[in-house]
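Next up: just one chain, as structure tokens, the form predicted on its own.
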Amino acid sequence: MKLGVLFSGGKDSAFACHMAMQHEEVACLISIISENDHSYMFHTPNVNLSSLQAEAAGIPQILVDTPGEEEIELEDLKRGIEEAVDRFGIGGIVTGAVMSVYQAARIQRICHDLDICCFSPLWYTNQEDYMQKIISSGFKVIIAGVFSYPFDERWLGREINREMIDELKILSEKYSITLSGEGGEYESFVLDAPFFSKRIVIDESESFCRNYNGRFIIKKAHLEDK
């Protein structure tokens, strides 16, 4: 089956894409560029660089702009999926949803309306096993945004590695956060993945954080041979 992956550039959609490629043909990536930094529906930090990731993966991409108004943004998502059906003949959508019923239910409703399948291969996966697989599979992922206590500016731009997972486990037990950030605690950006033919190198960046709400903004980056 030809599939389209809802692709934000973060670890969850990238890992879901990786899983889908093991069994099916990923015909395209669908990325939503939201003007609303506080969107409940879409990942926003550095999503503009998802085109560089698509180029690294050699997968066609559909980019859809949206003002990011709650619920109305779903029509923009539907427009992007319809374009994927028309241009690439996809029969299903892959999402990186891990635990968010809000996101999953809305995507499933759109797929139902368009009579196509919806797959969320990470749905309620074991959080620690998943984070360990990200590293062991060869992904290079950094923290691109923090949005709750106790995450501060020190986390921005850090690479997710085994030491960080140990830190997250301690914080998870103390503050009831999710290891994968699915509760909105943090967002990520993928610099390299097993299905990338080139890796992303950051040339210029800036970060800002206030009251445990911050972003790591990649201002300039390029692809480099692996």
Partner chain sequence: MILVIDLCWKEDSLSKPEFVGPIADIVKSSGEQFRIVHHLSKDLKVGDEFNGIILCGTALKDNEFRKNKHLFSIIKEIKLPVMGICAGMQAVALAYGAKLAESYETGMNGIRIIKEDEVLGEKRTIQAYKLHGMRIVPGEEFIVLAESDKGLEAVRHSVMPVWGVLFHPEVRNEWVVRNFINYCSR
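The structure presented is a predicted model; accordingly, all values stated were derived computationally and were not measured. Positions refer to the first chain, counted from 1.
FYI, the form predicted together with the partner chain isn't displayed, but the following is about it.
Student: Does Gln108 reach the partner chain in the model of the complex, with heavy atoms at most 4.5 Å apart?
Tutor: Although the partner chain is absent here, Gln108 would touch it in the model of the complex, with heavy atoms inside 4.5 Å.
Student: Does at least one non-hydrogen atom of Val94 fall within 4.5 angstroms of the partner chain in the model of the complex?
Tutor: Within the cut-off, so yes.
Student: Even though the partner isn't displayed, in the model of the complex is Gly80 close enough to the partner chain, meaning a heavy atom within 4.5 Å?
Tutor: Output for Gly80 is no: heavy atoms all beyond 4.5 Å of the partner chain.
Student: Taking 4.5 angstroms as the cut-off for heavy atoms, does Ser136 touch the partner chain in the model of the complex?
Tutor: So Ser136 does not count as contacting the partner chain.
Student: In the model of the complex, which of 99-107, 80-88, 147-155, 67-75 comes within 4.5 Å of the partner chain (heavy atoms)?
Tutor: Partner-contacting stretch among the options: 99-107.
Student: Is it the case in the model of the complex that Leu3, Ser120 and Trp123 each bring at least one heavy atom within 4.5 Å of the partner chain?
Tutor: All three within 4.5 Å in the model of the complex.
Student: Pull the contact list for 162-193: residues with a heavy atom within 4.5 Å of the partner chain in the model of the complex, in sequence order.
Tutor: Heavy-atom contacts within 4.5 Å come from no residue here.
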